[in-house]
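Here we start with a single chain on its own, the form predicted on its own, put down as structure tokens.
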């Protein structure tokens, strides 16, 4: 049968990325402190896959993306560095491409005990792992993929200014800390969650009894933070991490006394 995709392009312009988006598949993600049996968390991912396309070719072979992903799913235990590297290399091989790019977006769950009653409740964190392989960067050596881990963590902030000028109370709100982190080795999702939560006035919890609410409120009001404080705290901890090669952190505060949000961003 005629291979139209491999024919000449009507307009000879190279394409940076062409592929498929929002492919839904089950996924296993390794957890920190997993036991020797390789325990991993089951979740569902939305996956984007793409490659570069030279100017000479009319189109790419979309079905090969799905074939590569299905093969990877059938032969990989969980999402980690070796498995992601294998997928990126297989995509380049199947599509005769110099560059491949994959994004896994997935929810990650942790059971978090309430601070006073210690009753557990599941917390959900939006995560993404991005991998990119660029073979043209080192034609004489095996290409090394680049990985970026994204995690969004909800926290609580109490306004230092409001606390300082008020006879009673201060305004407080939930804020979202979004971290996009370049890695030179394995960084656990749990590490980034801890960095975000320790940088704000207080973590937030799914389940709180009365004694827990008292604890959270008093702890948060004893540690007021501006959105600027939180983003600087997170950035300082990421800079100090030995496996972080680069980062972008943005904190968005869902203001309780304004009809708009406040945000701060640092790239390093």
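Bear in mind that the values here come from a model prediction, so they are computed numbers and not experimental data. Residue numbers count along the first chain shown, from 1.
The same protein has a further form, the form predicted in complex with a further copy of the same chain, not shown here; the description that follows concerns it.
Though a further copy of the same chain is absent from this view, in the predicted bound form it lies within 4.5 Å of a heavy atom of just one residue from 198, 162, 184, 96, which is 162. Proximity of residue 29 to a further copy of the same chain in the predicted bound form falls outside the 4.5 Å heavy atom cutoff. Although the partner is absent here, residue 207 sits close enough that one of its heavy atoms falls within 4.5 Å of a further copy of the same chain in the predicted bound form. At least one heavy atom of residue 174 is located within 4.5 Å of a further copy of the same chain in the predicted bound form.
Not displayed here, a further copy of the same chain is kept clear of residue 188 by more than 4.5 Å at the level of heavy atoms in the predicted bound form.
Partner proximity in the predicted bound form, defined as non-hydrogen atoms within 4.5 angstroms of a further copy of the same chain, places exactly one of 77 to 85, 142 to 150, 188 to 196, 117 to 125 at the interface: 117 to 125. With contact defined as any non-hydrogen atom lying within 4.5 angstroms of a further copy of the same chain in the predicted bound form, the contacting residues in 13 to 30 are 13, 14, 15, 16, 17, 18, 19, 20, 21, 22, 23, 24, 25, 26, given in sequence order.
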